[in-house]
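Just the one chain here, laid out as structure tokens, in the form predicted on its own.
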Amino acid sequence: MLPVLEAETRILNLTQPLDPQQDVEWVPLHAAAGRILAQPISSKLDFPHWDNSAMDGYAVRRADVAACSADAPTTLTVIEEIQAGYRPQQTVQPGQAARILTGAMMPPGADAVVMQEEARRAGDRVQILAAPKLHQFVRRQGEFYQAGDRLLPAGIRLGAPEIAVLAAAQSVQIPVYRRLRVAILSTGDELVSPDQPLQPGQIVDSNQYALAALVAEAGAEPLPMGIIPDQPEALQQAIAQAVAQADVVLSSGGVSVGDYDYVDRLLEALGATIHIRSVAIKPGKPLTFATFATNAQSSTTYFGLPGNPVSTLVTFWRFGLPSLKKQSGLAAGWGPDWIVGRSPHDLTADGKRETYCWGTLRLNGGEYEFSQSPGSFSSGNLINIAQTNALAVVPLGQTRIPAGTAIQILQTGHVAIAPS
């Protein structure tokens, strides 16, 4: 059995990202949210596009008001009112000012803004009650970004802030990596789909649906391929079809050492290189990771996940998801989302493998608190993993972590903030 960290390193080292030339598609801006940027973006525009006011007030020449104060105000003639979206029509000359609103373009001749609270208006005259600094309350052209510089780097996931930046830059067609195609199949004669009557000895296939949901959440395209019986010919055909169609294949079941566990043998028969056969993790010891060299430029990765539902989820979160993130084109941040927290209860394990306890993580008083789910901790007990969002780790060789001790926690979902 490989140690968990060594398995993670091996998987990520063998994971090949999508090609930034061949695996790119252009999508309209409104469809780019959640996608991964394939090429760096620059703009022909300066930000701000021109000098503009950061305050409601008066655009002035600093030389005219450098010595004024509330006791000795300077009186200026107001020559124009400038609102946002309006182009100034006049140049501010000595002894003059322009009424200006937030975001409005600075008029020629003015080099500072006096906020309206430090001015007193009477007709077309304004008294300036405080001397501004040069360029006070002026957002200068190109202060935030200069045309031609890199605006956004390749390899980032586009969220709302990045979409806003692209819109402001008038980038309406965006180069993004195509979505990874992920084939998903479940193996086992005992499995039936959720819409079939359940007979004695049968099990409903939940893994297909859980994995499809996780793949979609990761931004990839799930390709569900159904349930494959424990028949070598049928399974080999299904695996070959999945490898031909997908960038990644996720199968569940058939990777242990039972009489009907055929996956590893069939992978070798199909020309795969098997890099991992088992990992010292609980739940999830029987884990296969293999690669197929589909052509000179790319390969298909294969995860043979264990069949027990909780083991399937844990091994995907721990190993499959980081690989998908890297392969999808993300430049960084592939690894698990680790958090240090504490639990109000003891965490226990047998010490023989690195053990992952599922439960609920929340932010309480500025610290992360992990509460282990109640009930039986069995890899077949799917019920008490519902509504969880984290996995707490008991390291290899350790049988007990006392309550209140700092623990390493893998975040798997949204973390709530405890009410104060």
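The first residue of the sequence shown is number 1, and the count goes up from there. Given the structure is predicted, the values throughout are model-derived calculations rather than measurements.
As for the form predicted together with adenosine monophosphate, it is not shown, yet the points below apply to it.
Engineer: Would you confirm whether the three residues T187, N207 and S252 all fall within 4.5 Å of adenosine monophosphate in the model of the complex, going by non-hydrogen atoms?
Structural biologist: Looking in the model of the complex, the three residues T187, N207 and S252 all sit within 4.5 Å of adenosine monophosphate (heavy atoms).
Engineer: In the model of the complex, which of 95-103, 82-90, 233-241, 198-206 comes within 4.5 Å of adenosine monophosphate (heavy atoms)?
Structural biologist: Flagged stretch: 198-206.
Engineer: Counting any non-hydrogen atom inside 4.5 Å, which residue from V215, V114, A246, L191 sits next to adenosine monophosphate in the model of the complex?
Structural biologist: Spelling it out, the residue with a heavy atom inside the cut-off is L191.
Engineer: Pick from P309, P283, G329, P107: which has a non-hydrogen atom within 4.5 Å of adenosine monophosphate in the model of the complex?
Structural biologist: Only one listed residue qualifies here, and that residue is P309.
Engineer: Please run the contact check for D261 against adenosine monophosphate in the model of the complex: heavy atoms, 4.5 angstroms, yes or no?
Structural biologist: So D261 counts as contacting adenosine monophosphate.
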